[in-house]
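Okay, so here's just one chain, in structure tokens, the form predicted alone.
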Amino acid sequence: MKHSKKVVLGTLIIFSILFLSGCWDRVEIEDRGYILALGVDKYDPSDLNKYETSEYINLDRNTQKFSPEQKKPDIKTNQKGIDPQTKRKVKPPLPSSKNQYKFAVTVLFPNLRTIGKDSKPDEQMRFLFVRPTNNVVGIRNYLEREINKRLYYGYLKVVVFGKDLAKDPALVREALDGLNRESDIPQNTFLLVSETTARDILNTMPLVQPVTGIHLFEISKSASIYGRVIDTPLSQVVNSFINSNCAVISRVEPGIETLKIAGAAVFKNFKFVGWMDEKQLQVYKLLMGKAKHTFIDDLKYKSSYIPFVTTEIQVKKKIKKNKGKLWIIYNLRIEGEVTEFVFKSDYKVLDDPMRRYIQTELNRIIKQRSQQLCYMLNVKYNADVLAIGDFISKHRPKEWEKLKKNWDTELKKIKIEVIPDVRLRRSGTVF
């Protein structure tokens, strides 16, 4: 009897250990700092000093909703960033021969107090910290010495690379490697490249969505709908570098009271080689089969512009050999509609000759832009972001074995032909 009691008691203890200890390491929500955006710049002491100027402090005050009466204390520090009066370390140490950094990382996370019932109207909506560091992801550990929050990467929405960083292949590779290895960072976190610095981008407070990370994430998420925006999640960019040493990353640029995502940056061997503007990105997405609703607005008829929106796109590629040279042929079947058109009351946009005119002109525009884009990517940038090498390796494996040894040179010789076939299906009218 005593033996059976001991067995029951032991079973209860084991059960309690296994199933009743689940929340021992929990962190309360108000104690966490949910990082929504990271900005990664190449470390530049003169750039960091910029943030001590009155011009930037005023900008910072405006975006952070500081009252005009508040003044940022002007603290003079020594070489080690220590205030000689209080003996406290108040700034990052200035660079010296013994202290050089690789990155300047900007961390943005929302102020959760602003969404509670006790929030104050003048309270700032998000926190922004900039620190020099030698590793991107490890910035969290440095900041946890200074703020009373457990920083968490699990809700990271976007990572912005500064332009100077993008030009340094070693730093881009190191930053991507760190981001990809951090298990807390979601693989669908969007990557973007700034035309200026990542810090300037994250410091902007967009009018409609003041939390910058959410603003950039929601625009990128709509890339499957809008032809001028491309979504470039972390996993996709890393895989693209692994497979072809090239990648396309979406571009973000400052706008008027907002931030605009448009166009893209082209990388080869982890180095920025050039931009694609909005119209070039439209054609790139058509060729890659990523466009759904592409808006073409520069087709002109007499004094009116005819906006055309694609509704269905089919892309078929084939390869052939002509006179010893490989040809890649893109057959684009595009269906769409004219959304606005001003014409006489007895004129029908879906009838010939108007329909034939619109289709012919759109075919001409798409074909011309495609040829210009392919020349720019393959010859000028010499970056295989159209995945031509991958296509040849699957359909002509024997010839690929010969070409891949000197692929950079061979890529320039590949002939690409785009054959668009636009079909106008519906029309809108404005009388």
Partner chain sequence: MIINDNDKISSFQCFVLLVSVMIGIGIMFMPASVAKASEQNGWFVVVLGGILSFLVFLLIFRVTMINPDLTIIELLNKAFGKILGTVLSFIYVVYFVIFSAFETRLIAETAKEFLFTLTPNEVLIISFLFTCAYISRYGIEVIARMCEVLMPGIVLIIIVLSFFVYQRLDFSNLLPVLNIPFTKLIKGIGTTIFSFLGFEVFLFFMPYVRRKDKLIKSAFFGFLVTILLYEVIVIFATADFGSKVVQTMVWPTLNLFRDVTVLEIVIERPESIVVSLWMITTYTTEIIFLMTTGLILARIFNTKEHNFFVFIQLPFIYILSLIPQNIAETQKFMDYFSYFFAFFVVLLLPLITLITLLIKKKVKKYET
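Positions refer to the first chain, counted from 1. It should be emphasised that the depicted structure is a prediction, and the values quoted were computed from it without experimental measurement.
The form predicted in complex with its partner chain is left out here; the points below concern that form.
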### Query
Which one of these stretches, 195-203, 126-134, 152-160, 278-286, sits within 4.5 Å of its partner chain in the predicted bound form when only heavy atoms are counted?
152-160
### Query
Is every one of I319, N322 and D384 within 4.5 Å of its partner chain in the predicted bound form, counting heavy atoms?
no
### Message
Please identify the residue among Y142, Y330, F270, F217 with any heavy atom within 4.5 Å of its partner chain in the predicted bound form.
### Response
F217
### Task
Would you kindly say which of Q314, T360, N188, T258 lies with a heavy atom within 4.5 Å of its partner chain in the predicted bound form?
N188
### Task
May I ask you to check whether D184 falls inside a 4.5 Å heavy atom distance of its partner chain in the predicted bound form?
yes
### Task
Verify the contact flag for H395: yes if a non-hydrogen atom of it lies within 4.5 Å of a non-hydrogen atom of its partner chain in the predicted bound form, no if not.
yes
### Message
At 4.5 Å between heavy atoms, is N239 in contact with its partner chain in the predicted bound form?
### Response
yes
#### Entry: Partner proximity in the predicted bound form: K167 to its partner chain, non-hydrogen atom cutoff 4.5 Å
no
### Task
Could you list which residues of 252-276 come within 4.5 Å of its partner chain in the predicted bound form, counting heavy atoms only?
none
